[in-house]
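Before any questions on binding or motion, here is one chain by itself as structure tokens, the form predicted on its own.
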């Protein structure tokens, strides 16, 4: 090899070495905060799980970029802690509790995430958050509504959403309002719920609240989630013919329930739903007019947000809609909110010390323009004491707010119009 060739080879080698060293140095100095998400991205609740993931991704965009147009804490500057970027590491629990547990372990132990946000299904949130508690790692929950989740005296678990107990009381308050102000004559109740952590606790809270106002429970109907046929269960409801049904059915199960009631040509006078497929705009578009007149508890609707949560609409249009191709729903929005609350706690802690961040989450009140109450504060056990919801009623793909009267924008349509009168 000639002298010129050797010099050229040496020069190329030095350039490659410098590139590798520079890249390694840049990687070592990269300032990131890894946050895990744990949602049902496949299985019967996959549509809702993907919406929840997209909401967290949208919240990460709010944090990572300078957004002076958004009146949200930390939105004006890019990143956290003088330049740290949030990186989302996603996992799919498929709606299965055992998978949720193993995926939580993987996210903490192998991926090294600082915290996990999830898991939509209460039955998945329960074991996954237990993993976090044992490891003394943070677990933030937007939407899982089982009251039992915040009755475990956990220190590292925090939830935004109203519980089934809170919603059950709101449902029965509304029934009393209808009976008194509208002479509704509601005397009997049926429970229709998936046979899971979420469904069973919702039904228990519904029965408890119904008893307190003297409603007679005439139907108690569980079903297996991801069902392919609900004819028997709906026929049981029809035979009991309750005045009102409290429903706890997620995603495709909710859609199947509504369609099956149409097939057997039966409806109660009123159907009001917990944190369920009722809230999902994609499910409502699929049902079209068949979804009309059903009711449900919600912490967000586009109509409600226009008046009480304008910043949520801005985030929806800027970051969420390009990802999800639809509006927020209550469940998805609350998952994104939890990342924004965690970001505030990290910033106030001045670093990534889990114990400092946990203490701030447990003791401070956070400004939250994307929450209906405008604030978030957690009591011992992790429940958000500022959690609010309203009762809405679906008509023509619009969520009309009907209760409490403070938020009401429409009169309730009661009783539900029969299938042959639509």
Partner chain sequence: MDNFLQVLLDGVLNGLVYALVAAGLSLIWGVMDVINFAHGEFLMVGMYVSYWLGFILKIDPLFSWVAAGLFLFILGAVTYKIIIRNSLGKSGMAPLLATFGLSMVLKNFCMNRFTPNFRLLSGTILEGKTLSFGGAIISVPQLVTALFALVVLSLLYWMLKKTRLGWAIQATAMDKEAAELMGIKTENIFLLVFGIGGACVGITGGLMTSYLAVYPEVGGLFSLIAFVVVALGGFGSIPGALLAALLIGLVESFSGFYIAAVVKYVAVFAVYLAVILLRPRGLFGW
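Worth saying up front: this structure is predicted, and the values here are computed from it rather than measured. Positions refer to the first chain, counted from 1.
The discussion below concerns the form predicted together with its partner chain, not included here.
**Q** Does residue 43 reach its partner chain in the predicted bound form if we count a contact as any heavy atom within 4.5 Å?
**A** Output for residue 43 is yes: heavy atoms within 4.5 Å of its partner chain.
**Q** Give a yes or no for residue 255: in the predicted bound form, does one of its heavy atoms lie within 4.5 Å of a heavy atom belonging to its partner chain?
**A** Yes, contact at 4.5 Å.
**Q** So in the predicted bound form, is its partner chain close enough to residue 173 to count as touching (4.5 Å, heavy atoms)?
**A** Answer no; every heavy atom of residue 173 is more than 4.5 Å from its partner chain in the predicted bound form.
**Q** Report whether the minimum heavy atom distance between residue 224 and its partner chain in the predicted bound form is within 4.5 Å.
**A** Answer yes; at least one heavy atom of residue 224 falls within 4.5 Å of its partner chain in the predicted bound form.
**Q** Among the candidate stretches 340-348, 327-335, 244-252, 131-139, which one is within 4.5 Å of its partner chain in the predicted bound form when only heavy atoms are counted?
**A** Selected range: 244-252.
**Q** Identify which of 47, 33, 394, 387 has a heavy atom within 4.5 Å of its partner chain in the predicted bound form; exactly one of them does.
**A** Contact check passes for 47.
**Q** Which listed residue (303, 286, 151, 76) meets the criterion of a heavy atom within 4.5 Å of its partner chain in the predicted bound form?
**A** Contact residue from the list: 286.
**Q** What residues of 232-270, in sequence order, lie within 4.5 Å of its partner chain in the predicted bound form by heavy atom?
**A** Those in contact are 232, 233, 235, 236, 238, 239, 251, 252, 255, 256, 259, 262, 263, 264, 265.
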